[in-house]
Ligand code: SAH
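Just the one chain here, laid out as structure tokens, in the form predicted on its own.
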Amino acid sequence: MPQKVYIETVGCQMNVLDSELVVGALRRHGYALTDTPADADVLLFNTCSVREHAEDKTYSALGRVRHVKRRNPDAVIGVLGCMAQKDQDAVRRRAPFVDLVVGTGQLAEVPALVDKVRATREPQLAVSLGRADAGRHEVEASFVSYDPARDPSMRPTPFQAYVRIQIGCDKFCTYCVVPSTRGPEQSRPPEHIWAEVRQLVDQGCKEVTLLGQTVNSYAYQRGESRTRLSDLIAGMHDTPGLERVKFVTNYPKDMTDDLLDAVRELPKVVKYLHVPVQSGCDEVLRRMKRNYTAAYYVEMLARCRERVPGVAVTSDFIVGFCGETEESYRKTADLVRAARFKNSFIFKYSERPGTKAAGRYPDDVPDEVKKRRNNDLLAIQTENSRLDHRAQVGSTVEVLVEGPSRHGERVAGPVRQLTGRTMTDHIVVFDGSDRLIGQTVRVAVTDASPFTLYGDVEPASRERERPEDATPVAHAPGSPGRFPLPLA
């Protein structure tokens, strides 16, 4: 019987991709994937340190699987990713039964480290150098860009995949742990990325999402030649079989006109930009070290909408950051009202040990105030989302069908509720058979909520359904969630 691996993933799309790559490597070593911890010989937890809640979830999950170790002493339990990189000592102290602690730059070593645990019965630690431990080149070299042969079974769907184009971050926002957990910013060579996209398309992938902590900062220099994100996208755009290209997450000051022109002019590029602003107050932005003002962001947003007509823009906000007054919060609320984002991810500030904010500023906004501001900002954004969605009622949109909706009830016979996304990344729910999954169909929008469009598939799209004997698309056991959070 093959050895079995179980994996849980929390956090952003980068973590989802990392989990796919780790499982792919273990499969090549003869492992099978299971979604039942009790059946697993190797249990892995790919972690996030951006918010305290994510870390708490990992420690809770570790507590739940401790019994597996008691019943099967040969089982190997591992903590991977950002939490492992940042808090290796705390992990081993709080969960001494953990056998592996593997940072973000050492994930390629997981199969060998599992074998070493089994051979020595000793815990194994593999993490990258910290920024203060050596010079930049040495630190960069310790964070390995890990993108081996892919494992289709671990993707959000068989026809959608993430592609890492960049690792690390050099922005040093004071609230963020990513520069220490993922190291210095490094862009992958464009020819490696283009080859990976071709490989994914050959495996049946129709949509790729390019990932980077600040993805629009991508720049690869070789001699006198410099490849920007717009050049990178143009180089993959005409790949036969590729239907859609996305990229997340963007940094406001790196939103260049050449990139916006590429979004407008290249038909396969999704007309959707995720550009976090975090606050509408200049003083809060200064303490966050975001390096722009609210006025700059508003100008950038106007430029996006001018150069890419109809573009959908989403954002991130942190409420209750150190020193945020009621006046500061009011400025953020005003910006959200005026900006009319498609949607926003809104979070209460969570102090993270090791960040500049934790050392410089007191976490002085009471939790009940954070909760109130969070709920109030959500209410403003919900109304904006409602207006955005209602404006699309009566239109016809192209939808890449991802699978059954969250409820997925059968409507009649083979027909059930399906879901997919438009070229502006709006979620659409409609009735159809499983044979539509993986197809791009035209849907007439008939209704809308603040979060979802509802509609009917046009007859011409139903005629393009796959044959009756086609195998329905299914998500693999243990595969990551379909809608992870954006990158920090």
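Position 1 is the first residue in the sequence shown; the rest follow in order. These numbers come from a predicted model, not from an experiment.
This protein has a second form, the form predicted together with this ligand, left out of what is shown; the following refers to that one.
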Practice task
Flag Y272 as yes or no: does it have a non-hydrogen atom within 4.5 angstroms of any non-hydrogen atom of this ligand in the model of the complex?
Solution key: no
Exercise for the section: Answer for Y349 alone: is it within 4.5 Å of this ligand in the model of the complex, judged on heavy atom distances? Expected result: yes
Problem - D316 within 4.5 Å of this ligand in the model of the complex, heavy atoms - result: yes
Handout entry: Contact label in the model of the complex: Y162 to this ligand, heavy atom within 4.5 Å
Key = no
Practice task
Determine which one of 330 to 338, 221 to 229, 349 to 357, 203 to 211 lies within 4.5 Å of this ligand in the model of the complex, judging by heavy atom distances; exactly one does.
Solution key: 349 to 357
Completion exercise
Checking Q381, Q85, T157, T249 against this ligand in the model of the complex, the residue with a non-hydrogen atom inside 4.5 angstroms turns out to be T249
Practice task
Consider the chain as shown here, without its partner, and state which of V443, V50, A40, L436 has a heavy atom within 4.5 Å of this ligand in the model of the complex.
Solution key: V50
Exercise for the section: Note that this ligand is not shown here; using its position in the model of the complex, name the residues of 279 to 301 with a heavy atom within 4.5 Å of it, in sequence order. Expected result: R290
